[in-house]
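Shown below, as structure tokens, is a lone chain in the form predicted alone; questions about how it binds or moves come after it.
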Amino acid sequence: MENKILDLLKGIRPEFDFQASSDFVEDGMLDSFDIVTLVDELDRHYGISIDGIDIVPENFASVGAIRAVLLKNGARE
């Protein structure tokens, strides 16, 4: 799951090394538009719908946080 998340992130913002960051939002790698785009990609790839209440910056700050929100919303590893 982590590798697929990194692939999707690279597809959205290929200029950044997401593995070198502990907080994508704080480091300026993802903005609100990028998060919306990522949510759409994650929903389609995993066949889920991430709840609107879960679409907050802290849930997209790291691969671990993204993985947790995916699992919470029904994604399978």
Partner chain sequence: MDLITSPRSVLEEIEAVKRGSRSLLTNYYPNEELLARWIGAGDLSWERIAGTTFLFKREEDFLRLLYVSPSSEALGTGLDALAGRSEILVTEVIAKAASGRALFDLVGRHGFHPYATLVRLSRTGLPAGSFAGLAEGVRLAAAADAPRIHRLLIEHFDRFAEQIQSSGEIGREIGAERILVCESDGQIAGFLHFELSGLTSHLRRWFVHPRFRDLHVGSKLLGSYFFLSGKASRFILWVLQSNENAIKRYIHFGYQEDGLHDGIFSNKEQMRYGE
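Because the structure is predicted, anything quoted here is derived from the model rather than measured. Numbering follows the first chain given and starts at 1.
Keep in mind that the form predicted together with its partner chain is not shown, yet the notes after this line are about it.
Its partner chain is not drawn, but in the predicted bound form it has a heavy atom within 4.5 Å of Gly28. For the chain shown alone, Ala68 is not a contact residue for its partner chain in the predicted bound form, no non-hydrogen atom being within 4.5 angstroms. Using a 4.5 angstroms threshold between heavy atoms, Ile50 counts as touching its partner chain in the predicted bound form.
When its partner chain is considered in the predicted bound form, Ile55 lines it closely, a heavy atom lying within 4.5 Å. In the predicted bound form, the residues of 1 to 39 lying within 4.5 Å of its partner chain by at least one heavy atom are, in order, Arg13, Glu15, Phe16, Glu26, Asp27, Gly28, Met29, Asp31, Ser32, Phe33, Asp34, Val36, Thr37.
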